[in-house]
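To begin, one chain is listed below as structure tokens, in the form predicted on its own.
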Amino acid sequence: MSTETEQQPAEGTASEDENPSRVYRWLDDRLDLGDTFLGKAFPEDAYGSFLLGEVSLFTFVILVLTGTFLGLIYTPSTTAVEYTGRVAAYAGTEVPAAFASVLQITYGTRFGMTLRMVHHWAAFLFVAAMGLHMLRVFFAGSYRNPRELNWLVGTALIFLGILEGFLGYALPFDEYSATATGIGYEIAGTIPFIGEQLQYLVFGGAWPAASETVIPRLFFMHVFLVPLVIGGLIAVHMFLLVRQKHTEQKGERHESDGGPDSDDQSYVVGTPLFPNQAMVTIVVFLMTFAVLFLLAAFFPVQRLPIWGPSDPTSTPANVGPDWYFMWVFGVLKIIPAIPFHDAISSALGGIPVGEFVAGVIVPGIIATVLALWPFIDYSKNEVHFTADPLDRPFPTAVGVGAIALIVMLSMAGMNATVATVVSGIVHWAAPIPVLGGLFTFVFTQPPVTTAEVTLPLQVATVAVPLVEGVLVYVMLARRKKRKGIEDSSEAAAARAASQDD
């Protein structure tokens, strides 16, 4: 594979064109491509983790394409219509027009079910790829000076991706989507003094009473407004990436090839964008496309006939949000009683304090810490090499603790499932001496109720992230001291800064 070097912007001088690709040179001779953009160097990555950002971009493109198809057939209305499609359970009955149109897409349109399933799985993969991409950047320390702004853009993108998923919940207007949307509507209303105005701004009316107004508004935001903002932020993200260059994994350079020294942070060494990296990008796109179609074919999700159309008079059992919202749902499930609840609620205009703390304050704190992390773990010098997480005890411990917190909160959101699993364990362990007594000391005989697992989940949600974070920090700090390790990327940046002085 050919190698390209690209200077960091701080140096301010152009690099020599050493691209050995015959295809590139042939095109460059005829089209004067130049190498300022098409020759951009992509660092070598033994694990392929640098491609997670590309997977996020491709899933967004697939979301737009499949969403355009779905939007052409979908009807954003809750007016009752007679269903005349193929689903026998609803044939001849009156159902909301939105529900009927999604049934028509799924069961009455050629390739409709496939494209709808691809759209759902692409939404899941979009959020998952962005999350994993941010974890890669976090543990590698790639958010440090001068890339703080791109971290802020990435943080906004992942929360907009989650918001976009939420806005799409309501559109089929089935029992599941109506319940999940109702949770978001109630959370928005808990914000003191502006909650009611925020509900009107986002939803346009009460949910589900004014669904005839709410559904078109959510449809507009889901298919146009939020995707437009996401697309704009992706453009900003890419612009900053081109201007600031990639971070580079230390130890990937081959000095014997005559390239820059292994500690020289003024260059990025890797493969050129065209044609080498472009070929990799095409392969990644085709693989993403194939994986989404495989998931859509063998693992269908959001099957409307099971839930049925929205019924304001009932709430389906065990309903919950998609996995990327489950941690917020978990906070709502295990939030303890708020001291002086009535007095605080009265002072704040009668809002439900517990729901406000669980649905707004706690997620808001987590989001704020995530966004401001580059300024908490601040680097004075510019850092252009990625770091080894094992060399940075504190950031790595915080990252591990944060992952554990999200996992525990997500488990709390599935407390009914947790109760069922615990019931099976208690039943299995009951005949065993000591172990059975221990379980029955904590729980009653099976079936264990969701109320009984609330306290253990509250304790575990606090204790597990804290214990894991402390253990990781202690082990890595001892390792660092024993081996006399320093953050090689930070040390190289400091040496470069001292040489400049």
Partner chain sequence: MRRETAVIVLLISAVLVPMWFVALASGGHAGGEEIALQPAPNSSLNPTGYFIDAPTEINVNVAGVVTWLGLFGLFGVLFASIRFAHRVGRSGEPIEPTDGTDLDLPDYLESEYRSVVAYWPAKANLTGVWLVGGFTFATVVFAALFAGEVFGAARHQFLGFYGALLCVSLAETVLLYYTYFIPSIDVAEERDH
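Small disclaimer: the values here were computed from a predicted structure and weren't measured. Residue numbers count along the first chain shown, from 1.
One more form of this protein exists, namely the form predicted in complex with its partner chain; it is left out here, but the text below deals with it.
Taking 4.5 angstroms as the heavy atom distance cut-off, pick the stretch from 185-193, 337-345, 159-167, 108-116 that is near its partner chain in the predicted complex.
Going through the listed ranges, the match is 108-116.
Which one, Pro309, Pro76, Pro321, Gly330, lies within 4.5 Å of its partner chain in the predicted complex by heavy atoms?
Residue within 4.5 Å of the partner: Pro321.
Using a 4.5 Å cut on heavy atoms, which of Asp377, Glu148, Glu355, Asp388 is close to its partner chain in the predicted complex?
So the residue touching its partner chain in the predicted complex, by this definition, is Asp388.
Report yes if any heavy atom of Leu372 sits within 4.5 Å of a heavy atom of its partner chain in the predicted complex; otherwise report no.
Residue-level check for Leu372: no, no contact with its partner chain.
With the partner left out here, check for me: in the predicted complex, does some heavy atom of Ser49 sit within 4.5 Å of its partner chain?
The answer is yes: Ser49 has a heavy atom within 4.5 Å of its partner chain.
Is there a heavy atom of Thr417 no more than 4.5 Å from a heavy atom of its partner chain in the predicted complex?
Looking in the predicted complex, residue contacts with its partner chain include Thr417, since a heavy atom lies within 4.5 Å.
Indicate whether Val280 is a 4.5 Å heavy atom neighbour of its partner chain in the predicted complex.
Yes, contact at 4.5 Å.
If you check in the predicted complex, do Val214, Met238 and Leu240 all have a non-hydrogen atom within 4.5 Å of its partner chain?
Looking in the predicted complex, the three residues Val214, Met238 and Leu240 all stay beyond 4.5 Å of its partner chain (heavy atoms).
For the stretch 385-405, which residues lie within 4.5 Å of its partner chain in the predicted complex by non-hydrogen atom distance?
The stretch touches the partner through Asp388, Leu390, Thr396, Val400, Ile403, Ala404.
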